[in-house]
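As structure tokens, one chain now follows by itself in the form predicted alone.
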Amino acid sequence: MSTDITTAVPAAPRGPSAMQRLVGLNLVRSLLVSLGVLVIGVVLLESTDAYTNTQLSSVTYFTIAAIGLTALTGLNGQISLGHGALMAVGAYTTALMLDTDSPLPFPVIALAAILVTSLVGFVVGIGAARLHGPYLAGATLAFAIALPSVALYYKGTFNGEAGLTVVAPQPPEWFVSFIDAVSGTFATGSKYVAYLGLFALVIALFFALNLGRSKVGRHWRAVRDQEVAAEIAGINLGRTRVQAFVISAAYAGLAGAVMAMVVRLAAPTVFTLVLSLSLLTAVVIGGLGSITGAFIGSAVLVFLPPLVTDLSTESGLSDTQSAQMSPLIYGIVLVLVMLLAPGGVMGTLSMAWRRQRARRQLTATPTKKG
């Protein structure tokens, strides 16, 4: 009686395939996620009307700034209330560079906005490197309040309180042909700006995903969680904090460049303290340290106010009363999140998933009888 060797000897466990190993690489995984966001963005822009396109444009620059603030606050533990002022630096740089007879391409202008804002962030970061918690928040708050006065002081360059009108770039021929081939519609200037914001968001997302999983991101988390242990391990605390602030400022500069083209204005009234607080609120609602949370918080920031205003108007309130309902509802949402879900949307979902997985593992483990 013979025995089949394939049934007698258990098969050795197979390792991951080449495709699984490739997808497991951080760089490839980040690229796939970024391409997925790009495809979703194109579908949304081509399936919605012009007004929603403008709202999606707003989501892009809010998300870019929120990702930078997430990196600073969620990964490195620094609290900033001055990112609205950093966005103003990027916006004014963009407005000045576009206000010429032959403006440079937007990628060059965006890179210049990033570099100028990073330089400002470097100066602020050096000053704030030794500050923590409320002291750091106070320092960045003072920066957010003081910076708009620069535009008022140098009125000849920045046009004072009225600000600079931003001339948005016109869509090139290849873009018009591409949109006509994809959706059969005409590519307006607003749609071109929306696509520029989408591409800027995808690039920012790609770098953020790699940053969080890199050695630099691990150093940031070490400084955030146990700065004494991190210092013993050889991590320079001051240099790490300045590095985090500069990279976060670069994100704010890119967000300001996109915002300048969407709003078509760079003025002190646009970049108030409310903008900085709104960014921090978006990060808190979405979940500290979560890039997905930055998307969710930014979407809430853009879509909730007009939704509340429309519902209030339909219920019989006057236009003034409806406009006042938006910040009220937004504040209520923030308070509810802080009380019921202090980890934000993504933090709460992640905790619920971990509890469910632990419950399944406990159920699957056989009980030992004594």
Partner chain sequence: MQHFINVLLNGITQGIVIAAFALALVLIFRSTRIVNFAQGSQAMFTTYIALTLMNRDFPYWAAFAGALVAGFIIGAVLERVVIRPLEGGMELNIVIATLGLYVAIQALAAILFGSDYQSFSSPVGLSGFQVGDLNLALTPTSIFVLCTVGVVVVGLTLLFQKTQLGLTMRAAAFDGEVSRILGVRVSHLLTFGWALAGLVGSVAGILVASGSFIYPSYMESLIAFGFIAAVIGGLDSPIGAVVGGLILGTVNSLVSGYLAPGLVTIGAFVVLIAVLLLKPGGLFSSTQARRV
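Predicted model only: the values in this text are computed from it and were never measured. Positions refer to the first chain, counted from 1.
This protein has a second form, the form predicted together with the partner chain, left out of what is shown; the following refers to that one.
- Message: Can you tell me whether residue 334 touches the partner chain? I mean in the predicted bound form, with a 4.5 angstroms heavy atom cut-off.
- Response: Yes, residue 334 sits close enough to the partner chain in the predicted bound form that at least one of its heavy atoms falls within 4.5 Å.
- May I ask you to state whether residue 135 is within 4.5 Å of the partner chain in the predicted bound form, using heavy atom distances? Taking the distances in the predicted bound form, the answer for residue 135 is yes, it comes within 4.5 Å of the partner chain.
- Using a 4.5 Å heavy atom cut-off, state whether residue 228 contacts the partner chain in the predicted bound form. Judged by the heavy-atom cut-off of 4.5 Å, residue 228 is in contact with the partner chain in the predicted bound form.
- Do residue 190 and the partner chain come within 4.5 Å of each other in the predicted bound form, heavy atoms counted? No.
- Message: Looking at 297-305, 41-49, 324-332, 60-68, which stretch has residues with any non-hydrogen atom within 4.5 Å of the partner chain in the predicted bound form?
- Response: Answer to the contact question: 324-332.
- Task: Find the only residue in 167, 216, 237, 203 having a heavy atom within 4.5 Å of the partner chain in the predicted bound form.
- Result: Residue within 4.5 Å of the partner: 237.
- Given that the partner chain is left out here, which of 198, 222, 81, 211 has a heavy atom within 4.5 Å of it in the predicted bound form? Looking at 198, 222, 81, 211 one by one, just 81 meets the 4.5 Å heavy-atom criterion.
- Item | the partner chain in the predicted bound form: contacted by all of 174, 263 and 275, heavy atom 4.5 Å | So, no: the whole triplet misses the partner chain.
- Can you tell me which bits of 266-297 touch the partner chain in the predicted bound form, meaning any heavy atom within 4.5 Å? Result: 277, 280, 281, 284, 288.
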